[in-house]
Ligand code: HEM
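Below sits a lone chain in structure tokens, taken as the form predicted alone.
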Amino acid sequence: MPSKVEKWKDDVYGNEIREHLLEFAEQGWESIPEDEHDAWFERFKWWGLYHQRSGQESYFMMRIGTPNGVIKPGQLEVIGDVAKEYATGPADNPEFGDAYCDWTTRQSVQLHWIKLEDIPEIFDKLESVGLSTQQACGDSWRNIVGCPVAGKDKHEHIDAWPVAEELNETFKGNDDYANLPRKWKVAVTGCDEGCGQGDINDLAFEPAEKDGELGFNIRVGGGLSRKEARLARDIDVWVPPEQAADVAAGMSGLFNEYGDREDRFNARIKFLVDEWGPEKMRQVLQDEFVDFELETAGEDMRDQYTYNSGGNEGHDDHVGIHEQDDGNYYVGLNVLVGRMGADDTLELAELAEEYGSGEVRLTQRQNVIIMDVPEENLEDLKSEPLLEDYSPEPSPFMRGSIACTGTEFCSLSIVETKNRQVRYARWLKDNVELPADHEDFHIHLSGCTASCAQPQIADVSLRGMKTRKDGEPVEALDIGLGGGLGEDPRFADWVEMRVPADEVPGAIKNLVNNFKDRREDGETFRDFVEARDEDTLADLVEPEETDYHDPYMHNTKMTWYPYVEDDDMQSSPAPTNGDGEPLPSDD
């Protein structure tokens, strides 16, 4: 039997949702029948809208898709304006204030506290400059990711941007691919760093050479969620750029036909690859979904991959100042946990126009890049006050920090994340010294097993849990070690469970000190972890209290907003009308 979500989708889904969404927006929050909330909230995702969690009724997160992280000239200013005017909630965040943009691990933009009644105006503003929320969420093609400097990178084998752009134009809004069994995540990369993270996507195009021609090898079935992490599998297919869209159509068509629509937990292509194996996957693709002979895989460039490989080679996270292939430069800025205030976003847009071409790009490490900066503009750009907060030369602990949305807004998260990881990074910067040869050290904090912060591919992986301390329930984190990508990707080993959140910085400090004391000459942290079993690693973690203070130890999931003094659910002003005024209670 199809799942209840499939039944909702049978009634209304895809592009047609927009008409209903705009009608609800015109009539107001209360026009959505209460017994149909779950169905409509599921459908709204297709247009980039997630209803926020309990206690924040009537407010939505809005996701804007920016293919390959490319924000064209004029678009960032509109994003900042929309954030400032509409992403304003009933309470301030103590670290970030009010009205901010979140840059995501899939090179998209997220705004919070969006009211239903404002959506038509927001859509108009975004679409006036070529931006859209279409299929930013939902069971369809998601935002296409890849090397953020594609087309301008000195280190790429093949320009992947035209392919990513073609895929976006072909499949976004295409009714034939609008209603898949579950989300469909695609990565396209042509660089020698491997920063497209193809290994953790449903479908990956990776640079490869075949008979002297550059194109892409195909991998299928990667993903991190549900404690069921998989690396994408090689299906022995190579395609030239002009056939990439045809193969992508075939693979997503295969998923549409054979993906599980009865069990949403099993409705990802990684499980179909588990069941069939790569050989059958290739054969079914050939026999049923493409009308030309598939080429066997070419010679890949994976031996050159340095992105998140555990070493310190290359320019893999794109933070810093790097020369483009045209002689200009791009300047990658570190945005701690990917959150930037609306005013800072508008200032970034001004700097991109003043010193570069106006184009800004987003990375999968939640950072931003100013593109096309002439060499003579670099010093003036570096002296801008904004770069004091968003540095091109950050501390490794700042540079390596990633966090998901957490209990601030997300109904799935178990713990607070963004503010906590900011506090962790600052404390570690001041109290822990990495070996001199370790400029990169990745710490990813995910609030639950959905893995939006991609914890399994970090040096130190943190995953939200609960525990008891001194007889009281407190927020806690599982700790994993040694994950990463590169030529030989591996997932983190989970070595310590349910560590109280205020003991995690001490655990990381002790871990780093033990690593420095015991490492062989030149041994990387990832190699150090891989050479030891889980029991030995657990002994090296040693959680302990320090002078680090964590103000979010209470059960933030049970609050309406974790940072306000009156945070119990009864104090919530939600739901509100279009003016942000509380609606009368039904009691």
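The first residue of the shown sequence is 1; numbering continues from there. Being a predicted model, the structure only gives us computed values, none of them experimental.
Separately, the form predicted together with the ligand exists; it is not shown, and the next lines address it.
- With the partner omitted from this view, the residue of Arg361, Lys115, His442, Arg106 that lies near the ligand in the predicted bound form is Arg106 [heavy atom within 4.5 Å].
- Checking Met398, Leu378, Cys410, Leu294 against the ligand in the predicted bound form, a heavy atom within 4.5 Å turns up for just one residue: Cys410.
- Proximity of Thr306, His438 and Arg526 to the ligand in the predicted bound form is absent: no residue of the three has a non-hydrogen atom within 4.5 angstroms.
- Checking 546 to 554, 58 to 66, 528 to 536, 514 to 522 against the ligand in the predicted bound form, the stretch whose residues place heavy atoms within 4.5 Å of it is 58 to 66.
- The shortest heavy atom separation between Ile79 and the ligand in the predicted bound form exceeds 4.5 Å.
- Taking the partner from elsewhere, Gly223 is found to have a heavy atom lying within 4.5 Å of the ligand in the predicted bound form.
- Proximity of Tyr50 to the ligand in the predicted bound form: non-hydrogen atoms within 4.5 Å are present.
- With a 4.5 Å cutoff on heavy atoms, Thr405 counts as touching the ligand in the predicted bound form.
- Although the ligand is not shown here, in the predicted bound form the stretch 423 to 457 places heavy atoms of Ala450, Ser451, Cys452, Gln454 within 4.5 Å of it, in sequence order.
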